[in-house]
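This document opens with one chain alone, in structure tokens, the form predicted alone.
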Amino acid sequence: MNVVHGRDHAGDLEVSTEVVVVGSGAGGAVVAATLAEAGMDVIVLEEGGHVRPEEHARMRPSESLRHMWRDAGFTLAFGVGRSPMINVMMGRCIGGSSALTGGVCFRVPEYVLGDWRALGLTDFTPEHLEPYYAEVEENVHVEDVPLSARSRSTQLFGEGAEKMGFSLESMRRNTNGCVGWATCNFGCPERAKMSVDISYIPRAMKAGAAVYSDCLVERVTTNGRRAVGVSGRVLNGPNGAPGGRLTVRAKRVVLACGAMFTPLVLKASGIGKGSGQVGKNLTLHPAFRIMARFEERVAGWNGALQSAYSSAFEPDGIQLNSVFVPPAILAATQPGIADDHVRRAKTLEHLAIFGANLHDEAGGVVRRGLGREPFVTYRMAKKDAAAVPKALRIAGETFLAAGAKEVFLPVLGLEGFSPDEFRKIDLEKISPKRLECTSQHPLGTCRMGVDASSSVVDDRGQTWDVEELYVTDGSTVPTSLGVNPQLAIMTLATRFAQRMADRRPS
């Protein structure tokens, strides 16, 4: 795959094209491939660098974080009021966050689509979306994770779940030939995860699309009420700093910079002021990791990173997901310091992990920060805050039912709990400020709708304010999904792209 590396380009970069797509992740890659295969002249611009899948697979987790994750994985949503700080992890590379996910692919739950229809988006039914789902699932090889791929960590949680009266279901993931290295977030040695840098981007390039890395788009350029290109900087300065000017003239502009950055580009361009919704309505699916120590050797890294989930607590806004992380990352998260930390780290092979995420209300806002990174705030809704202790209690009790000897909660400053200690703790009294909370699912900041006064784009993905300016990333999702959003984003992007392909920009 011959990507043009902006960092190696001397001076300014000025090009013309029919369609410019800003962002090479799940939304941008789908649009680029679809429009290029429809015969349009397409350029893809990516702020991050280009790391080939085989190179990524050889990296240590620390190298992956440094070279491929936005802000080395340390982007924060600042908790407002009694809300926790949330670590929001996103990709900054060719392939975007798709290259760094666990590969989980959920269709949009029907009850969520019902919420969208109640907002006036009447076309959004399972039947209407079926052909788009089917196309994406075929293109990225979505398949059920077999029981044989479940790690012992997941098996133990499943055993506890059966005793607790609920069960686990198999995940569906975009994999082909997975052998269970459990390193999906940090590169697959088998190239088994069919992320868009392996699936859609090569298709786009085969059809004639040009892909540029290291290109930071700052603004959309307009002529009256029509988009005519983008401008920004080529990151060809010292140590990847902004260097030459970037100017792209185009007849159609597609923003797919993600829910954190698309609103910043729109705001910098003076677009979307009428609705007052640009950068608002951020949902994150706040996630929590619960660990447990068993007497038996677990070695939870042997198996698929994510293989099973439970929707049993969906009415409470809780989804339970299997997960594991590389031993080096896991060791760093152990409690204690010095000798105590070393002692804890030596028990890694006896640890099991399970995760819980929330189907949250829109509590976040994205604003421009002092530099090029956003300033993000998040106020957790009361119902979501009430769901956290319930989720922690369920996961902890499930591990104990499976025979765990110690449970570790995602609470800063707390050691592990014995079974008796865990059952005595009043989780409702733990301040949310002390919670270790993460997210890889920012959504909703340029939401789709039927009315220019309450949304940023229409149901084709085009902005209300400017013609030939489209948004095709997770920022368009109208509400929280409650499930991993990769398939939903790609499905919506397919729908948007096919409508764009029906009409060439003039």
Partner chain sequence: MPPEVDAEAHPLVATPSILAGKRNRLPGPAGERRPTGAFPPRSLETMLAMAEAVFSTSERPLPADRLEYLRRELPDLLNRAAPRGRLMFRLGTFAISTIAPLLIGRLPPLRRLPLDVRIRALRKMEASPFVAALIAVRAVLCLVYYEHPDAAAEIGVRVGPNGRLG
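Numbering follows the first chain given and starts at 1. From a predicted model like this one, the values you see are computed outputs, not experimental measurements.
Unshown form predicted in complex with its partner chain; subsequent notes refer to it.
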(message) Checking a candidate spot here: are M59, M85 and V342 all in contact with its partner chain in the predicted complex (at least one heavy atom each within 4.5 Å)?
(response) yes
(message) Counting any non-hydrogen atom inside 4.5 Å, which residue from G336, G208, G81, G177 sits next to its partner chain in the predicted complex?
(response) G336
(request) Sort through V365, L76, I430, M164 and report the residue having a heavy atom within 4.5 Å of its partner chain in the predicted complex. (result) L76
(message) If we define contact as a non-hydrogen atom of the residue within 4.5 angstroms of the partner, is F417 a contact of its partner chain in the predicted complex?
(response) no
(message) How about A241 - does it come within 4.5 Å of its partner chain in the predicted complex, if we only consider non-hydrogen atoms?
(response) yes
(message) Taking any heavy atom pair closer than or equal to 4.5 Å as contact, tell me whether E55 reaches its partner chain in the predicted complex.
(response) yes
(request) State yes or no: in the predicted complex, is some non-hydrogen atom of E63 no more than 4.5 angstroms from a non-hydrogen atom of its partner chain? (result) yes
(request) Among 231-239, 251-259, 116-124, 280-288, mark the stretch whose residues have heavy atoms within 4.5 Å of its partner chain in the predicted complex. (result) 231-239
